[in-house]
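So this first bit is one chain, no partners, the form predicted alone, shown in structure tokens.
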Amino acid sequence: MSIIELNNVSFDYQSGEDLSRGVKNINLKIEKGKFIVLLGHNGSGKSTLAKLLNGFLIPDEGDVIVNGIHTKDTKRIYDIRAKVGMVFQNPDNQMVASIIEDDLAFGPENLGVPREEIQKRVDWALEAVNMNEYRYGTPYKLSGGQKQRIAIAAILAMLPEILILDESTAMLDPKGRAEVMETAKRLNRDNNMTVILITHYMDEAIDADEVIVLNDGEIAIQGTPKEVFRETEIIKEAGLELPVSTQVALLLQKAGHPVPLVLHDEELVEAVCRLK
């Protein structure tokens, strides 16, 4: 069942008399409960597409339908944004309170959620991102990865069905990136939450249900990680590089070694150990 559907969607940015293409002729269906990774170089249209998914932007052409609701239906735009939570690159831009618990309560309060229900949501959201021990602290003393997990928790407290992470790991060190990725995977796995991760880190795509590569505002290729990363020329044309393990496997293949296409380091080690 598709929870998000895009039909012939195009969007242009207007700057004076000039038009700059955002996305062009996007046709896409995203099923409920899937972990989707959207890849592309800077300016490929990733963030534009993300903002179209929750009604921040309205398409110039075509339709975006979220859980049966058209984003062009202005009377129901807040229904869509309640279902689609978005976490951006800089978590500091999403924090509004000096105490973490209050920051998480802010969203539900603005939705008119009763106080007792807000407390239950805050408790659940903090547990979901493994940050309960920090609930009475200040977010500005946290590490980058911890801040991003709190930003995710603040969205979770509004009980979205879809979580969009728009370059949410771009400003983090490897430890912070790992924390956010583990949180996203756990929410998808344990809560059947639809997760759409927008990134340019190829290693963050290897465990996705589906990978979508954007190039110049259009979908260049989509499929499972192995289906996508097998198309080396398309990946290169999109200005991206393959995961390191995949690159090494391809080099071994060119050298005449019977190594399969792999995505993970562990797979590569096992394949090399089987060589005689």
Partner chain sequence: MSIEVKDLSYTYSVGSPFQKEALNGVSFSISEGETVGIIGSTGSGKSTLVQHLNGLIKLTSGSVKVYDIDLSIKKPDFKQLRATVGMLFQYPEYQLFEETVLKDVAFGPLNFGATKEEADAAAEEAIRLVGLDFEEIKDKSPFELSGGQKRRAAIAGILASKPKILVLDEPTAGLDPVGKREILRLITSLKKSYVKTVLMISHNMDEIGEYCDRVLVMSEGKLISDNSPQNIFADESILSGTGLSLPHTARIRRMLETQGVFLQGNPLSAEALAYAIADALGGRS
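Numbering follows the first chain given and starts at 1. All values reported here derive from a predicted model rather than from experimental measurement.
Quick note: we don't show the form predicted in complex with the partner chain, though the next part is all about it.
By the 4.5 Å heavy atom rule, the three marked residues 167, 170 and 201 all count as contacting the partner chain in the model of the complex. Judged by heavy atoms within 4.5 Å of the partner chain in the model of the complex, the contact stretch among the candidates 238-246, 65-73, 29-37, 52-60 is 238-246. Contact between residue 41 and the partner chain in the model of the complex is found at the 4.5 Å heavy atom cutoff. Although the partner is absent from this view, residue 9 stays clear of the partner chain in the model of the complex, with no non-hydrogen atom inside 4.5 angstroms. Although the partner is absent here, residue 273 is a contact residue: one of its heavy atoms lies within 4.5 angstroms of the partner chain in the model of the complex. Although the partner is absent here, residue 257 is a contact residue: one of its heavy atoms lies within 4.5 angstroms of the partner chain in the model of the complex. A single residue from the set 132, 119, 89, 191 has any heavy atom within 4.5 angstroms of the partner chain in the model of the complex; that residue is 89.
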